[in-house]
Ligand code: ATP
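Just one chain is shown here, as structure tokens, and it is the form predicted on its own.
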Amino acid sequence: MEQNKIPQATAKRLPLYYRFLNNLNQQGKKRVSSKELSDAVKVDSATIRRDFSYFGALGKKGYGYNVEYLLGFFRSTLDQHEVTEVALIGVGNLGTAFLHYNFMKNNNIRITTAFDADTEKVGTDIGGVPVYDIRDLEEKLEDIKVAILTVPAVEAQVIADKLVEKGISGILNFTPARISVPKHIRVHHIDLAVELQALVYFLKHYSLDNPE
């Protein structure tokens, strides 16, 4: 099945499967059952089997899944052999944390350049990543297709417009603003305040013993 035919919910779980399989492989484990996968990634076994079925016969009944084979398959599916360079826009507290972390567990993703308006940060390296003046965005943003947005909400749309003009294909938006982009640009919104409010609400009103 072509990857663009795979449900988006399945596609979002693939990196989770890959990370766990990579850990198993490093531990020297040769095979894993859907039950073990389920317990580790907190996705029910039926969903895992359905996810895997989109890619054909990846396992054997009564045996489970070959860890090395699955890891190689998902490495290819997720293009782990290719390094994706990412730009970070906004080197505040959250942006700085990203630069220090720099996706160490994902060996195919690297923040390679950052931008900010703070003159004290411009010209420095944070976590090994150079920080450029936001005014140089269009000049310095070369051959990068993915950006992380951690600027103040009032600046988000203006920056997003510049990213689109420069040819960015995907934006991970950590601002509260719901930015507008052309249909061919993919945006994932992550509002930490909203997620935290939702968590608190669920803690108060939904029992884990009876999720319905």
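Residues carry their position along the shown sequence, with the first being 1. This structure is a prediction, so every number in the text was calculated from the model and none was measured.
The form predicted together with adenosine-5'-triphosphate (ATP) exists for this protein as well; it is not shown, and the discussion that follows is about that form.
Trainee: Open site or blocked site for adenosine-5'-triphosphate (ATP) in this chain, with its pose taken in the predicted bound form and fitted by superposition, and blocked meaning 3 or more ligand atoms within 2.4 Å of backbone or C-beta?
Mentor: The site is open here, because adenosine-5'-triphosphate (ATP), transferred from its pose in the predicted bound form, meets no backbone or C-beta atom within 2.4 Å.
Trainee: Within 4.5 Å, heavy atoms only, which of 171, 151, 37, 70 is in contact with adenosine-5'-triphosphate (ATP) in the predicted bound form?
Mentor: Selected residue: 151.
Trainee: Okay, which stretch from 24 to 32, 153 to 161, 48 to 56, 180 to 188 lines adenosine-5'-triphosphate (ATP) in the predicted bound form, with non-hydrogen atoms inside 4.5 Å?
Mentor: Stretch 153 to 161 is the one.
Trainee: Would residue 121 count as touching adenosine-5'-triphosphate (ATP) in the predicted bound form under a 4.5 Å heavy atom rule?
Mentor: Although adenosine-5'-triphosphate (ATP) is absent here, residue 121 would touch it in the predicted bound form, with heavy atoms inside 4.5 Å.
Trainee: Taking adenosine-5'-triphosphate (ATP) as it sits in the predicted bound form, is residue 89 near enough to touch it, meaning that at least one heavy atom pair lies within 4.5 angstroms?
Mentor: Within the cut-off, so yes.
Trainee: Can you work out whether residue 93 and adenosine-5'-triphosphate (ATP) are in contact in the predicted bound form, taking contact to mean some heavy atom pair no more than 4.5 Å apart?
Mentor: Looking in the predicted bound form, residue contacts with adenosine-5'-triphosphate (ATP) include residue 93, since a heavy atom lies within 4.5 Å.
Trainee: Indicate whether residue 117 is a 4.5 Å heavy atom neighbour of adenosine-5'-triphosphate (ATP) in the predicted bound form.
Mentor: Close contact exists here: in the predicted bound form, residue 117 approaches adenosine-5'-triphosphate (ATP) to within 4.5 Å, heavy atoms only.
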